[in-house]
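Shown next as structure tokens: one chain only, the form predicted on its own.
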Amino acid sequence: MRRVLVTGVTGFAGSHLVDYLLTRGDCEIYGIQRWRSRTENIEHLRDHITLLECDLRDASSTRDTLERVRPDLVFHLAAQSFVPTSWSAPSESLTTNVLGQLNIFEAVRRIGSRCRIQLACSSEEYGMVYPDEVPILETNPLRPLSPYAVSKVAQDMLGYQYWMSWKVDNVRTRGFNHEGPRRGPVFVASDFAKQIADIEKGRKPPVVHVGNLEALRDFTDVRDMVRAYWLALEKCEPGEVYNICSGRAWKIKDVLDHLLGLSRVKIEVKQDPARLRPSDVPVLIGDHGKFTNATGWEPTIPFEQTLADMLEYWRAR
């Protein structure tokens, strides 16, 4: 049995990762939570994992946890992950994301751990992508357009530096947009789905409020994404970086139109200026060839199915 530590276990991707690990049957699973963490995503998992109280921004708390668990594998998913929040609270995003990872690396180094670490980096790091740079390769310049993206660039580069300097074994995965059931309602596709479910139940008027509908995004189902995280530590090279994506673009307007097509009522669409960002990434479409060559991974769940599952999740809530 491999000892596996998941940071951010109470979150969207973290809970789906544990679902996947349990299907394998070869993992002893530990998860990190803070006292104020919302736990609805993992209520069905409580009997199958060991939850530990730890604040990754505190070096001693992080070191004590790593020393107690002595994991073979670490999936580092904990982060302030909502881009708009990084505009209103940039220091929170940078402190949480960069310092938390730094404390993990230092703890691993100080206790002499030989674990492998998967770093959940982000396609937001690419930022300003030009038309002739699509689909995006791992070698594309990083031009981050939000404080969140800057924090993920820092995490990404720390992973490279700690491998080169100290041989702290880590694999950097630049995940593109991923969606599915349990996704927080502040994220675009889940936000649309929740608004539609609320309208269907008569909780709000038949109007969906939207931001920028012209952006192009590369969406993957979260259940495919977490399987990729596992393969990253099974088969990828330490210190390397890999895109995880579908390679297919969806315009945000088309995501909305598909969900509206699944709705049971007639709904109006209105743009809300408060939902527009100071600067938005116009297009993010990735190339996952490097990752697929290393692992054999391919996305298996059509995004249409992801959207249907997400809408059913909010209807059930």
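Heads up: residue numbers just count along the shown sequence, starting at 1. Note that this is a predicted model, so its numbers are computed, not measured.
Omitted from view is the form predicted together with a small molecule, to which the following refers.
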item	value
Option from 105-113, 230-238, 159-167, 74-82 whose residues, in the model of the complex, bring a heavy atom within 4.5 Å of the small molecule	74-82
Residue contact check: Tyr148 to the small molecule in the model of the complex, 4.5 Å heavy atom	yes
Contact test in the model of the complex: Val186 vs the small molecule, heavy atoms, 4.5 Å	yes
Any non-hydrogen atom of Asp198 within 4.5 angstroms of the small molecule in the model of the complex	no
4.5 Å heavy atom contact, Asn212 to the small molecule in the model of the complex	yes
Residue among His258, Lys290, Arg277, Arg57 with a heavy atom within 4.5 Å of the small molecule in the model of the complex	Arg277
Listed residue (Ser246, Ser86, Gln118, Ser122) with a non-hydrogen atom within 4.5 angstroms of the small molecule in the model of the complex	Ser122
